[in-house]
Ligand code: XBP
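One chain is shown next in structure tokens, namely the form predicted on its own.
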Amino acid sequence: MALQALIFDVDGTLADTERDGHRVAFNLAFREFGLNWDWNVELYGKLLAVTGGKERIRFFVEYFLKDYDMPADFDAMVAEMHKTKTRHYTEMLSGGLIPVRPGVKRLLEEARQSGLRLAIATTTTPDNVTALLKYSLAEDAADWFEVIAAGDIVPAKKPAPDIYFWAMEKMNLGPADCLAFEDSENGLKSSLGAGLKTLITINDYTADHDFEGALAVLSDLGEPGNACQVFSGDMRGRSYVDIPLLRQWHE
């Protein structure tokens, strides 16, 4: 069956958003709420085992702040805190502080030119997604994607496969029609659980993850004249990921 669509994760995949984006925005939100919580680089790496920002805050309090006196309206506070974090993150994006990863814009443009359909499947909020696309790709980049499956539209977040099933259902496609792009072990579990062949581009936080079952594990998508590093997989003689290579992997 011919390749028809590419489905992308966002954080860590389209852009290296975690360490110098979301982490910083969380800390700014904590300060705005009068809290002395601080997620340093090492701690945030541990917290990334939990998908979803609100879920991450709850996990942090439950496992790292044993003596914290949780208020009766804690869930509402977490929701408001997460909205504040999103505002800070969006402000960072609007300042051009978080560029897309190597090869991302080129590959998306090649996909559009070749008639491939595009979608997003992520646990981050829709506002975060649209802000990243607008400020780091192009003003109209959200319109490049037929489906943006984001946030709480499914109850079970990655590593559950639900977000991918939702995206494919909206596109009226099956796993055999698509390829997925991820950066983490939880993301790979999610996409493989949905039956999708998956390409991994690692980052600082995910370099030591288990990526068994991936089509290939790369440093990034690469660019002409700037080859990607290959940790596993067969690049078929190429130095960067392009549409012909994706079609070969999909066969």
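Residues carry their position along the shown sequence, with the first being 1. This structure is a prediction, so every number in the text was calculated from the model and none was measured.
Heads up, the form predicted in complex with this ligand isn't pictured, but that's what we're talking about next.
A.B. asks: Select, from the options 170-178, 72-80, 124-132, 96-104, the stretch whose residues sit within 4.5 angstroms of this ligand in the model of the complex by heavy atom distance.
C.D. replies: The contacting stretch is 124-132.
A.B. asks: May I ask whether D220, G222 and R238 all come within 4.5 angstroms of this ligand in the model of the complex, judged by heavy atoms?
C.D. replies: No residue of the spot touches this ligand in the model of the complex.
A.B. asks: Is there a non-hydrogen atom of R56 within 4.5 angstroms of a non-hydrogen atom of this ligand in the model of the complex?
C.D. replies: Yes, contact at 4.5 Å.
A.B. asks: Is there a heavy atom of G52 no more than 4.5 Å from a heavy atom of this ligand in the model of the complex?
C.D. replies: Contact with this ligand, yes.
A.B. asks: If we define contact as a non-hydrogen atom of the residue within 4.5 angstroms of the partner, is F211 a contact of this ligand in the model of the complex?
C.D. replies: No, F211 sits far enough from this ligand in the model of the complex that none of its heavy atoms falls within 4.5 Å.
A.B. asks: Even though this ligand is not shown here, does F60 get within 4.5 Å of it in the model of the complex, heavy atoms only?
C.D. replies: Because no heavy atom of F60 falls inside 4.5 Å of this ligand in the model of the complex, the answer is no.
A.B. asks: Could you list which residues of 9-38 come within 4.5 Å of this ligand in the model of the complex, counting heavy atoms only?
C.D. replies: Residues within 4.5 Å: D9, D11, E18, H22, F26.
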